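A single chain comes next, written as structure tokens; it is the form predicted alone.
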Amino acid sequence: MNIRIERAKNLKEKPEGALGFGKNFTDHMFVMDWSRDKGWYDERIIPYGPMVIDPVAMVLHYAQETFEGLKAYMGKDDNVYLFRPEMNARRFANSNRRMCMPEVPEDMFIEAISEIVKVEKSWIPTGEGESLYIRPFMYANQSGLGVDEADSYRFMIVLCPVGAYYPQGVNPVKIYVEDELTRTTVGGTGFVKCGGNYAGSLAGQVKAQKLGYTQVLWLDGVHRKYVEEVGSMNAMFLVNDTVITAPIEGTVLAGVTRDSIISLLKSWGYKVEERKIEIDELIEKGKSGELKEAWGTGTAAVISPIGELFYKGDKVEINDFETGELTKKLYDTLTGIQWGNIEDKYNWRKIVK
């Protein structure tokens, strides 16, 4: 790509102290446009700031929008690393196909991320557990009303330095199992990273928070009995000596962290089952003590231990509400690979050059 760079004249002060998540954004952003007659054009890195959007831009009315999430890490060797960006590129393409939006070729997607990260290298934090979060996204910016695929789109990338996704750190969280509302069904957009999926999940999240729970565990939309995923994470359960997680069948996000964790588990000799598991079975295993550990996986949180499940009045505590040995080993290993602190046997780490 021939990326034009316009440097910001007034640079921001970088945040100090606890970074939180998604609160501070860097000096620049990547922008690229698409039209039906031109294809992709005008690749540019420009100062971060508001974009002009028409009141009848189709994204505002018909929600043609997709996004991704990944991170850049500053290694102790001063190399900047990305973690499996090709998987994000492919998932973004899958999301766009489902939403009738143009695909960004994998090489362009990774090049755009690499270039904006290089421009903003000084923003990559170096504290324990800190990284630079990368948010690629695309939306329909054609003006007009009428339900149809748009003729023009904008692809953008913004960056923000982040600390832990959960302020309580890598400690167990309490999960509310939603048994009334539904998130998606087969044939829908459950596997797509699009804003509509998350907007539709907010009612369950609000309900959970009012009851004192951090996240929602969603059940399938047809039978309301099969465990699927947590609002912002895939979910995994260590039952006796087997790790069980929901299969990728169109209703669950194909998580990059999920895939990486499964690879680690198999390399350590654990049995992994990607299968449907009934919530009643899971609660029963929790009460009998056969549910040894549980955790969520995702780019933002990496791994989040689950210490309690609440379902229809039943509370099940997992591993005495302590972070399990396997959960901690997975977290330490994966973050060690991401930050370049341990050997990468899988060739997951990519240096930004």
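Note that the structure is predicted; figures quoted are calculated from it, not measured. Position 1 is the first residue in the sequence shown; the rest follow in order.
Form predicted together with another copy of the chain: not shown, discussed below.
> Indicate whether another copy of the chain has at least one heavy atom within 4.5 Å of a heavy atom of Pro50 in the predicted complex.
Within the cut-off, so yes.
> In the predicted complex, is there a heavy atom of another copy of the chain that lies within 4.5 Å of any heavy atom of Tyr198, even though the partner is absent here?
Tyr198 belongs to the contact set for another copy of the chain.
> Is there a heavy atom of Ser152 no more than 4.5 Å from a heavy atom of another copy of the chain in the predicted complex?
Contact with another copy of the chain, no.
> At the 4.5 Å heavy atom threshold, is Arg135 in contact with another copy of the chain in the predicted complex?
Yes.
> Decide yes or no: are Gly75, Ser95 and Val119 jointly within 4.5 Å of another copy of the chain in the predicted complex, with each residue judged by its heavy atoms?
Contact check failed for every one of Gly75, Ser95 and Val119.
> Can you say which of 259-267, 190-198, 86-94, 122-130 gets within 4.5 Å of another copy of the chain in the predicted complex, counting heavy atoms only?
Single hit among the candidates: 190-198.
> Please pick, from Val59, Leu309, Ile45, Leu291, the one residue with any non-hydrogen atom lying within 4.5 angstroms of another copy of the chain in the predicted complex.
Spelling it out, the residue with a heavy atom inside the cut-off is Val59.
> Can you pick out, from Met108, Ala254, Val272, Ala203, the residue that has a heavy atom within 4.5 Å of another copy of the chain in the predicted complex?
Only one option qualifies, and that one is Ala203.
> Going by heavy atoms, what in 6-30 lies within 4.5 angstroms of another copy of the chain in the predicted complex?
Phe21, Gly22, Phe25, Met29, in sequence order.
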